[in-house]
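Single chain ahead, by itself, as structure tokens, in the form predicted alone.
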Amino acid sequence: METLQIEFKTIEEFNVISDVFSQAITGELIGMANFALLTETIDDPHEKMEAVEHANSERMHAEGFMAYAKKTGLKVNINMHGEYWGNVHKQFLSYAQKNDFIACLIIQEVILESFAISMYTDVGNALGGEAGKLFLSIAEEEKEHLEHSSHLLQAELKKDATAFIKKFEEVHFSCMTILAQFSATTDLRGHCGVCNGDCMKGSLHHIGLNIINLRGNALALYAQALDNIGIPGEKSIVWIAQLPA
């Protein structure tokens, strides 16, 4: 594939866009790996095939980001074992090993997809052009995963609300805490291992973004997702308020 000569306004803009693509690609590959593991927790053949289809969807998203990065000469760093992405995957793996389909569904299709949809939308609107369209189109596709999980989790809530809410709370604090640390104004667990140099959060202003708004929008969408599933507001508000900032 030929490299497309795009003239970035500054080296700072080039660097932060490279880091944004690095995070997006790594996140999609984590999603692919999660959905692949999810198939092992599912007995229903139709849901099993759905998980395989979603894994392939995440793979295609990663390939789309990688193709754009390659043709524009972005400096991409992919690290699925980084401090945040790696630990999110470990949390997912721990539930997959227990064949806990519901917990896996909450992590991948509610927590991670809420962040992806919101942040991809914000990044897409900020970048504009071909890169912006790519982020916005993938955000739209991720919405299907979130909607799919909502119906399944609503049914699970109706079976035993007390047990379901207890499980959701546990998963929230085991996984969303990592994303909250990742999206804080400074990396609370140290460098992510994905950004090429220093944390990109201090450079987002070069593309018209800031981490406070990105995080706020993502948490707002997550809160809406919990509401759609049927988690009582008095529970979800407290859960989100207790996250590290």
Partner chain sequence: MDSTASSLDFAVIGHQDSWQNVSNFVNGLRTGEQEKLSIEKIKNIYSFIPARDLFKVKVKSQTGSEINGVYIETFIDPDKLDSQSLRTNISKVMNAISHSKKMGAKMVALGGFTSIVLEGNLDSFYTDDTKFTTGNTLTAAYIVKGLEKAAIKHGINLSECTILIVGATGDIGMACTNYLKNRAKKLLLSARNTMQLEKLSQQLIQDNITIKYSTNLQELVSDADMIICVASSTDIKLSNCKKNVLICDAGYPKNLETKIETDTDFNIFHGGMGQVSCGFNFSPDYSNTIYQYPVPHIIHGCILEAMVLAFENKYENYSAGKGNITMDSIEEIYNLSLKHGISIAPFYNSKGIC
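What you see is a predicted model, and the numbers here were worked out from it, not measured in a lab. Numbering follows the first chain given and starts at 1.
Below, we turn to the form predicted in complex with the partner chain, even though it does not appear here.
Novice: Can any non-hydrogen atom of Leu219 be found within 4.5 angstroms of the partner chain in the predicted bound form?
Specialist: Yes, Leu219 is a contact residue.
Novice: Check Asn56 for me: does it contact the partner chain in the predicted bound form (non-hydrogen atoms, 4.5 angstroms)?
Specialist: Asn56: no, not in contact with the partner chain in the predicted bound form.
Novice: In the predicted bound form, does Asn213 come within 4.5 Å of the partner chain, counting heavy atoms only?
Specialist: Yes, Asn213 sits close enough to the partner chain in the predicted bound form that at least one of its heavy atoms falls within 4.5 Å.
Novice: Please check if Thr185 has a heavy atom lying within 4.5 Å of any heavy atom of the partner chain in the predicted bound form.
Specialist: Result yes; Thr185 sits at the interface with the partner chain in the predicted bound form.
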